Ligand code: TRP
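The chain below stands alone and is given as structure tokens, in the form predicted on its own.
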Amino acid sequence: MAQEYRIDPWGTAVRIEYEKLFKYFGISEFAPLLPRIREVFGEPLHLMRRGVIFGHRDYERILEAYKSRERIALVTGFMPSGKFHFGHKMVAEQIIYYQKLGFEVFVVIADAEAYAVRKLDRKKVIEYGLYEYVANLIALGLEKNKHTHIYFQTNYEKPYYRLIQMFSRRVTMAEMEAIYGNMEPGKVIAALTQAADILHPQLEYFGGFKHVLVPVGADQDPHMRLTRDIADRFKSELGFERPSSTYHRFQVGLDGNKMSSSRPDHTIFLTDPPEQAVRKLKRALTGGRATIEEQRRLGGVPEACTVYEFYVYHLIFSDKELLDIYRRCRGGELLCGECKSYATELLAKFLEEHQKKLEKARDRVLDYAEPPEF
């Protein structure tokens, strides 16, 4: 039963069993939509083509709305609990992809959740929100225009907060515990706040969008399920429609476990000095064999290699080149030392270029987002 398999959006586990999301929670596979995406949007994002974005809810509605030239809001966000790393970059690339397609962009800086659930220092959370998350979004290419909205959860418009209070009327604790497990006041408020984040663009005050797309990591599906139920319950009163969503795989840490700001030795941040990032990647877990002789004879296992994952997610955008690396690894021609050397070269080049942009972007963060006063 689905109730026996729960996902904790505030947990630390990285080994989500993706097939259970299809089996228990009604998430659909994303890959069959690729031909339609090419027809409607043009070239899919590399994360789509390579199966990193693996699942969806009602994405067909977004495609149909776009084809019909209807307005679409993109909503996603970041919890500013630490430095911006390559796992966050995946979300940023999706935001920028949809912005270029003309979607209205709403980016949430979840400072209320970081403070109440993660119990982090308030001033540090705001600082991270501005100078790590907003700054990196700018450096990666997010444009500032009238269709781009970045906000802190504790510093937004009155109707947004009204939604949080109204939602509490039609959700029971039993229901929330069935979705999330054991709850505490901070988590209850965080869940209702996330529902307001996702649904508020549908209010006339914020544009009256009837199509909302939410790209998230697989661990955030509990919030989507709750929000879709809330939308149904407020359909007659507020005119809400269910939001659509896509789900991407986790970026694995360099030791094969979770990539997290709390595990800096196994996480590469976009602010790491290139030489430090190179040292980290050189120590990364690979799919290589115990000896060179075994590697030549049996071939490597790129599916188990964190370096190859960096290629797939971040470092190589040519599918042809990526396939060549995969085949050479599988065939035993490409050894781990040579592969890591090439990966570190690409990583260092990216970081050097990105950090120049980031330095300039930090001077512009207040043009994009207004921080809370306290």
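Source: prediction; values computed, not measured. Start at 1 and count along the sequence shown; that's the residue number.
There is another form of this protein, the form predicted together with ligand TRP, and it is not shown here; the text below is about that form.
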According to a 4.5 angstroms non-hydrogen atom cut-off, is residue 216 in contact with ligand TRP in the predicted complex? yes
With heavy atoms only and a cut-off of 4.5 Å, decide whether residue 77 touches ligand TRP in the predicted complex. yes
In the predicted complex, does residue 132 have a heavy atom within 4.5 Å of ligand TRP? no
Taking the shortest heavy atom distance, is residue 110 within 4.5 Å of ligand TRP in the predicted complex? yes
Name the stretch: of 123-131, 95-103, 208-216, 164-172, exactly one has residues whose heavy atoms fall within 4.5 Å of ligand TRP in the predicted complex. 208-216
Contact residue in the predicted complex, chosen from 202, 136, 251, 153 - any heavy atom within 4.5 Å of ligand TRP: 153
In this chain shown alone, the residue from 261, 271, 244, 220 with a heavy atom within 4.5 Å of ligand TRP in the predicted complex is 220
For the stretch 174-210, return the residues whose heavy atoms include at least one within 4.5 Å of ligand TRP in the predicted complex, in the order they occur. 194, 197, 198
